[in-house]
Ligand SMILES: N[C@@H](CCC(=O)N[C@@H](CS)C(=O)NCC(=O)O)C(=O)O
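Single chain ahead, written as structure tokens, the form predicted alone.
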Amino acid sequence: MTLSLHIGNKNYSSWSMRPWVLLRQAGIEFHEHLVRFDSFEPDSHFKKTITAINPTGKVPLLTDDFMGGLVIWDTLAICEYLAEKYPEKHLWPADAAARARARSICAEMHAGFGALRQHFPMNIEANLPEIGQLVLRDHADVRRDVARIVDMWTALLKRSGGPMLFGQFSIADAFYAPLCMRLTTYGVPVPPDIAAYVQRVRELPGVAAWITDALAEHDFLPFEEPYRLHR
């Protein structure tokens, strides 16, 4: 086994979730190294551990011993590398046009939806519909992000016929899996077909395994949850 993936807390780390789910769902063997989010200060154990491997001091990061200890620290770059390394896994859609659309929506997730990610941080353990209601009431930018996601997923599912965004599971579904967690945690109202897609994503073996691990952590980090004083 040559691949190693460094990640943060599974309850909170949405960026870590994406490549982990991709690897697990695709059946690609890898070593997992979870580094707890004790703090993001330069002298924290987390920052010291990750900075020793990755100069950005962030997770996830993938290393490949077969390639001389190659380190890849960007989520989208990790997914692209895996797609090239394991072409038989068909991690991108086979059709060129669908593949271009899949790359486009992954880039959109990578760089966009800032309001939603700010106000709905991933917290798989939590059930916070009351916070969801307040955020949606008070933040038009979050409502716009949700509307864009609903429109995007509706069009893609209609075009592909489902069950995933491009028919079969792909990098695109792994990229949006954390967003499915957010919609669930904050009780965001979505149309029935979108709610059904969210549930299908949650039931994927790779996603279900991540959720199980997240729920088992019981690691309340106040700096990750400024909206809650306790569990």
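If you're wondering where the values come from, they're calculated on a predicted model, not measured in any experiment. We number the residues from 1 along the sequence you see.
Here the subject shifts to the form predicted together with the named molecule, a form of this protein not shown in this document.
The listed set Glu80, Asp95, Glu108, Asp74 contains one residue whose heavy atoms approach the named molecule in the model of the complex to within 4.5 Å, identified as Asp74. Interface membership of Pro178, defined by any non-hydrogen atom within 4.5 Å of the named molecule in the model of the complex, is ruled out. The shortest heavy atom separation between Gly57 and the named molecule in the model of the complex is within 4.5 Å. For the chain shown alone, Phe46 is a contact residue for the named molecule in the model of the complex, at least one non-hydrogen atom being within 4.5 angstroms. Proximity of Gln25 to the named molecule in the model of the complex falls outside the 4.5 Å heavy atom cutoff.
Segments offered: 198-206, 163-171, 185-193, 36-44. Contacting the named molecule in the model of the complex at heavy atom distances within 4.5 Å is 36-44. Taking a 4.5 Å heavy atom cutoff to the named molecule in the model of the complex, the contacting residues in 14-30 are Ser14, Trp15.
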